[in-house]
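The chain that follows stands alone, in the form predicted on its own, written as structure tokens.
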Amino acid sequence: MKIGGAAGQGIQTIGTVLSKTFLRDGFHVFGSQFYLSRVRGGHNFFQIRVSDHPVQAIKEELDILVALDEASITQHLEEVQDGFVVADEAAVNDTTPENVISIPFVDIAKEVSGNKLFSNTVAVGAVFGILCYDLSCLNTLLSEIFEKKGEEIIEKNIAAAKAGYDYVQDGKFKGVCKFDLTPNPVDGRILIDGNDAVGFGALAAGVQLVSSYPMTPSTGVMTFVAKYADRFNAIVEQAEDEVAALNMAIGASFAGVRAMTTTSGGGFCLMTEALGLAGMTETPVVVFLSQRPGPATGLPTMTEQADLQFALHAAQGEIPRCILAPRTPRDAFYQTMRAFNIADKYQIPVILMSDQYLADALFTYENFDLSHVTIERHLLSDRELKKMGDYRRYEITDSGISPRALPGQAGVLVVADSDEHNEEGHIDQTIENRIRMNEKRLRKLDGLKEDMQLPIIHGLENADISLIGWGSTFGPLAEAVDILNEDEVSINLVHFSDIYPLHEGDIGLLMDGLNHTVCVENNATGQFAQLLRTELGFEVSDKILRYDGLPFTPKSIIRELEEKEVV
């Protein structure tokens, strides 16, 4: 179902309440948002998919369209497949098709609750009326949501929901209940989006400082950590800009604090000098980069995967780095924890790449398993330092990883310099030193490659066709493969979450065993395909690229494969 309207009409509230109600009644829910960069007006929508089995992508067809404005009718009417279109009375005019049924949301809200602000709850009730769905779970949820506002507000919301429900049940929809949604409540399920999952993962990893400048669509990570900061002994600092944000995180990490910054688009551009500082001083730090379409401000509330080549090369000079791109919120939770451990082990910046699609999409899961959470700091203890005797912060080692003590530890001097430095950390511009230190830093990539995880294979083994994807495209790609496999098409999905560095040996062998390959990316130039060619010498057979600011759907992928005569 889709709820469409203008910014400021409470679309997200309606979508969230519906999603949570279905979750509590035992259904799997996938929700996604489309919103424009404005406080009021424009055309926005919230789309929800409800199923008795896990779902991880949106569909292009609708069963129910709730239109709060006229644009929602004109833009989405054709998406409704043998379902229902209900519209706010104010959105209906003489040109509105006859199959669109108007409901006076505002008038009903005023009549039963005394204020038009309750019209959103009327709309929620109307949706449940169309579904002939029991309101008990919704009533409980409304009681919890509005608990802090008092009993009167709770009662008015419950009354508004019932009025919307009754209007549908007693009106033109009477007796029409074509959707069979039988609740089967299940304990322990959560509804979580990508940003919250990253924030949750950071807290589980023991993050102590998040310093950021707010920027859509990354801001949700900062606000999630801020919400629980006191309980986890963490600090969230809103910096004056992105330059300060990453430098704060580097400074805190240098002193031993697990630190992270979050940003998007142009914010990451501003961080590039500091990224080089982290590389030169070998200071671990996690940079959460939530992509959005550029260049410049671009489409700030829409989605794209076009910052990969930038993340690979950002910063002055050559520094080792790690890039991870979670597939789903579950993956985001575990990859965030892993990002901190990798950063500490190799003393490098780890860039965790997401995008607007993953940031705002709601997924249903069983509770995350915390039993395997490990926090690996790779710091020298005082006892280890005493045994070492002569301590050198940037000691040349075979692995490139130098022993890490913290400033202030007894008996040692920790010196860092953003200029080229010697093993003690003092500036040294001699040619011999430069070569030794540069090679030492870059040797970290050899060990890091061994720690990188292989892509997962979804679908048939040894298929004739392999789709290749990375990051947030997993859900639509996996479902496209499932649909085609049911149609007896020999196809599978090779999907990457560990992006850089790639392990030439293991991944190279895997890729060489593929037949016809199609790289599917949310960008215009095939940036991941370029990486495969650069790192592995692997040429994909074909590409499907989308760069209109919208995410892939399973149907859009299949449609492109058919147009290219791949299937």
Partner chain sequence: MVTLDDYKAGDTEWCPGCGNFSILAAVKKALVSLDKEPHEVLMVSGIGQSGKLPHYLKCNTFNGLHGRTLPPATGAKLANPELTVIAVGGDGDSYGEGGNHFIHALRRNPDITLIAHDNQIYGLTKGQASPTSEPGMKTKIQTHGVINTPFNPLAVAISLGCTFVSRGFAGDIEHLSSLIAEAVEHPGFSLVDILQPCISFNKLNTYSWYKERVYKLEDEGYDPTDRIKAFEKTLEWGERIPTGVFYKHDSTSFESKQPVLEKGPLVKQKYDPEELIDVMKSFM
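Positions refer to the first chain, counted from 1. Only a predicted model underlies this, so the values are computations on that prediction, with no experimental measurement involved.
Note that the form predicted in complex with the partner chain isn't included here; everything after this is about it.
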Worksheet item: So, Leu308, Val489 and Val494: all three within 4.5 Å of the partner chain in the model of the complex by heavy atoms, or not?
Response: no
Worksheet item: Is Lys20 close enough to touch the partner chain in the model of the complex, meaning at least one heavy atom pair within 4.5 Å?
Response: yes
Discussion item. Is Arg436 near the partner chain? Define near as a heavy atom within 4.5 Å, in the model of the complex.
Written reply: no
Item to complete: Considering only heavy atoms, tell me if His313 and the partner chain come within 4.5 Å of each other in the model of the complex.
Response: no
Discussion item. I'd like to check something about Thr283: if you look in the model of the complex, is any of its heavy atoms closer than or equal to 4.5 Å to a heavy atom of the partner chain?
Written reply: yes
Worksheet item: Looking at 214-222, 251-259, 103-111, 461-469, which one sits within 4.5 Å of the partner chain in the model of the complex if you count heavy atoms only?
Response: 251-259
Item to complete: Consider the chain as shown here, without its partner, and state which of Ala90, Leu135, Met388, Ala204 has a heavy atom within 4.5 Å of the partner chain in the model of the complex.
Response: Ala204
Worksheet, complete the sentence: Answer key, the partner chain contact in the model of the complex at 4.5 Å (heavy atoms) among Lys178, Arg383, Arg231, Lys149: the residue is Arg231
Item to complete: Could you list the residues in 260-280 that come within 4.5 Å of the partner chain in the model of the complex, counting only heavy atoms and keeping sequence order?
Response: Glu273, Ala274, Leu277
